[in-house]
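Taking the form predicted on its own, here's one chain by itself in C-alpha cells.
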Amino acid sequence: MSFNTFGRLFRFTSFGESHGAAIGCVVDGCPPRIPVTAEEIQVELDKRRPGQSRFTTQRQEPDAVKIMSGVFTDEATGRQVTTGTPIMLLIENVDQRSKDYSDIKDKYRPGHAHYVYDVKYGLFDYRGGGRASARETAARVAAGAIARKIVPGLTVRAALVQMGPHKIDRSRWDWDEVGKNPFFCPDPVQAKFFETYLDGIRKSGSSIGAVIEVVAEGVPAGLGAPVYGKLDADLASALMGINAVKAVEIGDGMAVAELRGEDNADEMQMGNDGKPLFLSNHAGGILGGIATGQPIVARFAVKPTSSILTPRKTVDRYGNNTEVVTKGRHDPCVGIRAVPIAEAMVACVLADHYLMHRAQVDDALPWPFAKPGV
C-alpha cells in the first residue's frame, strides 16, 4: 500500500492499524531548534481521543504519545528542541476488541471502504477497519501539533457548525464555547440541542453527518504558488483526505455561484498599518492559489458513520447476497472528532507551504512598491 506520506518539505508518514500494536508517524523536514515536548502534542491528541463522552465511540484509548527520535536538549536554554532529523511519534493501542468484528469479517458494510480495499488488495483488515479506520488520524493530529510551531504567529481553530440539517446561529459564535461542550460547537444554545438530537440518533442505532469549519489566522500573505501549487487546492486535498469527508469548500464555496461580481469581490483599501485592508472575505483568504493574509476559512462535510445497528442489504466477499448489522463501539457522529483532525491537517499544509515559500522567495520584498522614477 503506497501513499502513506503527506506533504513535500514538511512531511509525515503514518503507520499502524486500528487493532494493531501501535499507530504513529515519522515527521520529516521539521526545522531544527523548535521547542517541542510530548506534553504539548498530548494536548492536541486529547481533543481527538475517543471515549470522552457518550457521543463518541466508547473505545478507551489514552492515546499517550512518545517521542522516539528527532529531539535533543538545548544546553543554552535547557529546553527540548527538534534537531532537524526525523521525529518518530508512537501511540500504543491498548483497548482493541477485535471479536466485535468477527460476525461481519466477510460482509461489506454499505458506505464503508471494506469492499474497495478487498477489490484492490485482495484482503482487508476487518478488525476496526485497519488502515481505513479513523484511528489512523491520531497520527495526523500528532504531526499537526508539531506543524503548528513552524509558522510564526499561526493560529488554527475549527468548530462543528452543522449536525444533520441543524445549523448553528452564527450571531452566537463564541470560540471560547468550543472547548466547553462535547461537540466542539461555538454556539452554546445549539450545543445543548445537539445533546438531545444526537442521543436520539445514537439510541436508534443510527448515525448522522456534520459540517466542520476551520479558520487559520496569522497566515503570511504570499503562501502558495500559481497553477499546480495552489494553497487552496492543497488544503482541499488535505481535508478531503480525512476519513468520511465527502465535500470541501474554501471561503463562500458553493455559495459564490449565486453571487454577482460586485458582491463576490473582496474590496480593498489601505489600512492604518500600511497594509491592505480587505472589506470582506468571500475568497476565504486565498486568491489565485496564494494567501492574501486574511484568515483562511474552509468547511467540509462528513458523512454519517457506516457502522450502524440498522440491518442493510449487502453482499459478502464470496458473491452472496446477505444483510449486515454492525455491533461494537462506533461514533454516532464521526464529525465531532474530525474537528481536531481538521486543525492538524490545515496546520500541516500551512507549515509545508511556509517552508516552500521561505526556500524560494525573499521575505523582505519592499511592498508597497515605489513608483518608477519617483
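Here the structure is a predicted model, which means the values were calculated and not measured. Sequential numbering from 1, following the sequence displayed.
Unshown form predicted in complex with a small molecule; subsequent notes refer to it.
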Query raised in the report: Pick from 331-339, 316-324, 345-353, 33-41: which stretch has a heavy atom within 4.5 Å of the small molecule in the predicted bound form?
Result: 331-339
Report task. Classify A225 as contacting or not contacting the small molecule in the predicted bound form by the rule of any non-hydrogen atom within 4.5 angstroms, answering yes or no. Result -> no
Query raised in the report: With the partner left out of view, is R79 within 4.5 angstroms of the small molecule in the predicted bound form by any non-hydrogen atom?
Result: no
Query - is_contact(R299, the small molecule) in the predicted bound form, heavy atom dist at most 4.5 Å - result: no
Query raised in the report: Is G289 one of the residues lying within 4.5 Å of the small molecule in the predicted bound form, judged by heavy atom distances?
Result: no
Query raised in the report: Mind checking whether each of K66, L89 and N93 has a heavy atom within 4.5 Å of the small molecule in the predicted bound form?
Result: no
Query - One residue of A113, L154, V215, A236 in contact with the small molecule, assessed in the predicted bound form (non-hydrogen atom, 4.5 angstroms) - result: A113
Report summary line: Answer key: of S280, N181, S206, N243, within 4.5 Å of the small molecule in the predicted bound form (heavy atoms) is N243
